[in-house]
Each structure stands twice: as structure tokens, then as C-alpha cells.
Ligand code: NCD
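First, one chain by itself in C-alpha cells, the form predicted on its own.
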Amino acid sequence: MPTSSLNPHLPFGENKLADWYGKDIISVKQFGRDDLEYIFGVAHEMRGMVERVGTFDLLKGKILANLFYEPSTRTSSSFTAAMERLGGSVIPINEVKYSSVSKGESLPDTVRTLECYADVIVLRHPETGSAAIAAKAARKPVINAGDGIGEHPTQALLDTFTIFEELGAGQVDGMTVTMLGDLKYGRTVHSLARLLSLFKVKINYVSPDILKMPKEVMDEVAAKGIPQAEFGSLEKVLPETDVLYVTRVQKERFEDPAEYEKVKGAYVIDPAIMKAAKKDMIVMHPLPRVGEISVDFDEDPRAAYFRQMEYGLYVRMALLAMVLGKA
């Protein structure tokens, strides 16, 4: 890979927006509001091009290594589709038990091997901090597709892009965002809360006591001057909510199955409950859902979760093009 005049491992905020080439995407802490404006501008262009021509050759000759140590449908297929829409190719590694990892190979060695074949690596790993370890070892760009209960920065970017597209970029300041469900283990809400702290929003957290938003995340958000409040019930905050972000209770994160059984059905969004909500709000979910949103609500125009998945394609197309110097 040609060398950039800028350090590819520096946070975005330390460099000019024009030079995204070779950058790692590890945490939402890398982004400022100007960065989001730039990313979303490129994503808008990608959306228009997909709608007009479907696929194009912007990344022809480039190869993405999709390295997933955990099961994934949406994120893995989204990155694959994004790369192929841009004319590039993908090395899919979705079952690490069939790779050298099963022989005890370290993450840095796996990454160093894959970058011999690929131009960019997308990584999902069960351990928090793994993406930073991979980025340190790699010479090619590494994109964090979820590291344990840590962060999921591309999900937070597509979530914010969804809010912009659905409700209007100019409406974000002043919004009330309510996060519902598993806030302890949900890396999507950890990243989204941090990213939303760039705006003048109010954030409500609704969860069972054992699944509250981690204190370190709330402290980071509070340091930005963002008002936050915790609740055990949705009814109190639903009428004021502009964005309801629902998460599933993640069975795979519980060491004690009995604890999971206690909270798995704590909240269910259905048409009856949503009668109390605004008419011009949206309901989001990173998916998959396991009963926390009734299918009876799917036809409601406020149900944005499948549109949210489509917006993710455009954001990931934008990120791949930018880190490969083709935006």
C-alpha cells in the first residue's frame, strides 16, 4: 500500500477531512461533527449512485478481508455488499473454526497474514479492545465491526445517518433519544450514545436494573454536557421521544441463563404501546430482534429498522471508499 503523508493510526480529528486514506475506524471517539458531515455527504452520493446504476468500478481491483470471529448476518453481508457494489472483491472468513485461528494463531498474526492479500480488513471479535490490537499490528486499514461489549462504530454511524435521513439533519439538535433494553452489553448503544453526545440531545435510558448503561459511558456523555436520565419503564418517556432505539436482550452475553430468563421479555413494542408516541418519531433497532418489537408494528411508517439496514449499506460504502482513497 502506498504510504500516506499522514499517520494512518491517528484519530480523524487530528487530520484534515480531505485525507482519509489509510485510516483505521476503531471507535466513535475518532469523529467530530465535521467528520460526520463529510461521511454522510459521501454516503448520500453512494445512495444516489446505487439507485441510478446499481454497481460501479470505484474500488475495482481492491480486496476486502471480512474477518468475523462471531456470527453475523447484517454487518458481514452489509460490508460484502458495499465492497461488491463498489466493484471490489471480498475474502469472507465467517467461520474461524475452519481457519488457522482454530490452530491457536494470534489475532496480530492473522491480521498480518490477511493484509498480504487484502487492502482493508473488517474485524468482528468477541473481546473488547481487539480492534485496536489488530490496528496496531496492521499496515492496512482496519475497520471495527464490533469488539465484544465495547464498540460498534460503523453501526453508530449508520444509526446517526438514519436519524438524519428520516428526521432531517437540522432537527437533531434538540431531539430526545430513548434507548431501550439491554444497555449493559449492547455495544451499539454504547457507540451511539457517545456519537450523539456531539449534538444537543437529551438521552433517556430504559432498562432492567441488571442491564443499565455502563457508568463509564454515561460519564463520557455527561462530560459533553448532555442531559441523561435512567428509567425502568418506557411509559414515562415515550410521549417525548423523537427516536426510540430498541435493543434485544443478548442471551449470548449472559453467563447465568437464569438471569437472562428474568429479563428477556421485559419490554415489547407493539401498536398499542406506540399510541402514546409522537406521530413524527421513529423506532430503530440494530437487529436481529427476538420478540422485543411485534411484527404487527412493522407496517407503521415510524418503524425505521429495515430502512436503517439499507442506510448502513451506503455508510459502509462511503467508509470503504474513503479509507481506500477513492471517495
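Quantities reported herein were computed from a predicted structural model and do not represent experimental measurements. Residues carry their position along the shown sequence, with the first being 1.
From this point on, the text means the form predicted in complex with N-carbamoyl-L-aspartate, which you will not see here.
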* Whether Thr75, His152 and Pro286 all lie within 4.5 angstroms of N-carbamoyl-L-aspartate in the model of the complex by heavy atom -> yes
* Does Arg187 reach N-carbamoyl-L-aspartate in the model of the complex if we count a contact as any heavy atom within 4.5 Å? -> yes
* Contact label in the model of the complex: Arg248 to N-carbamoyl-L-aspartate, heavy atom within 4.5 Å -> yes
* Evaluate Arg124 for contact with N-carbamoyl-L-aspartate in the model of the complex, applying a 4.5 angstroms cut-off between non-hydrogen atoms, and reply yes or no. => yes
* Choose from 217-225, 132-140, 67-75, 106-114 the stretch whose residues reach within 4.5 Å of N-carbamoyl-L-aspartate in the model of the complex, heavy atoms counted. => 67-75
